[in-house]
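Just one chain is shown here, as structure tokens, and it is the form predicted on its own.
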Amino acid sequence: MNIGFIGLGNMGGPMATNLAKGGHNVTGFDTAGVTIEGVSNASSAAEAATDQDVVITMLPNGKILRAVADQVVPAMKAGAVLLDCSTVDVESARDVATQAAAAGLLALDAPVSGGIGGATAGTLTFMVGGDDAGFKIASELFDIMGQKAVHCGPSGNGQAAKICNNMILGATMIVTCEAFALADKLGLDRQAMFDVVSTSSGYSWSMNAYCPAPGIGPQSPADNEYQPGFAAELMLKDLRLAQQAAVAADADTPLGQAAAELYAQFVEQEDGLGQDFSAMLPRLAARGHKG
């Protein structure tokens, strides 16, 4: 396929590289002017989108996505697929899909899970919203960039799945860290707690696969001084998107809201910026209860 790729950052760059290695003709554009091996450079987003079978975007937020869509949608040929892999608000995803459909395009919102490591290794999971025809065309590309793609329903549902998943992840990580901090104060050895919880009803991905306590369980960012696998500020972004969606949908998400507030404090008022989201453990273990 002929592919335009807009947004060649920490995630988009490796994804574009894998598509080029997979035998596709990839033309890229990024405002930072980066060069990616195997990817031709365009001078604008519109140029990167012209005459392509699929245009992929990997952008920081909904406002930028809307601005890029205004540039690329008029440049794209009818029947082409606009595949947005950014994590943005549901409303922006649905508005861009409507804009694309009006221009005769097939729109997919396909945020990813797996981080920079997954983007590099080609093992991302895609949560996809949009119509069946677009999903079928993009499936070959999902197979190159990732290990799994789940079609979640109509436009916006990919973003909905992403933020619901990460709301669970954020809240679960916090309570996992709280439990380790409580165990410390009760004189319960962290390894003993892991051995119990990881095989009992308290088990979770946060405990079993990504344990926030150094030296316990499989290798995780905790064993690398909390250098980010998934940065706390990105978790904060996703938790805020979940709360924005909850307000719009009139959904009651008190634990999601509490998680968003705690990560906001950690990232914006303390030292969480640039740390892994599991660095909530040393933050909680280092202080007493704050009323």
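Start at 1 and count along the sequence shown; that's the residue number. In this text the structure is predicted, and so the values were computed from the model without any measurement.
Not on display, but discussed next: the form predicted together with ligand NAD.
Contact between T87 and ligand NAD in the predicted bound form is found at the 4.5 Å heavy atom cutoff. Although the partner is absent here, I36 is not a contact residue: none of its heavy atoms lies within 4.5 angstroms of ligand NAD in the predicted bound form. The shortest heavy atom separation between A20 and ligand NAD in the predicted bound form exceeds 4.5 Å. Contact annotation for L281: none of its heavy atoms lies within 4.5 Å of ligand NAD in the predicted bound form. With the partner left out here, ligand NAD still marks one of 255-263, 218-226, 234-242, 48-56 in the predicted bound form; by a 4.5 Å heavy atom cut-off that stretch is 234-242. Each of V68, V112 and K162 places at least one heavy atom within 4.5 Å of ligand NAD in the predicted bound form. Scanning 1-24 for heavy atoms within 4.5 Å of ligand NAD in the predicted bound form gives I6, G7, L8, G9, N10, M11, G12 in sequence order.
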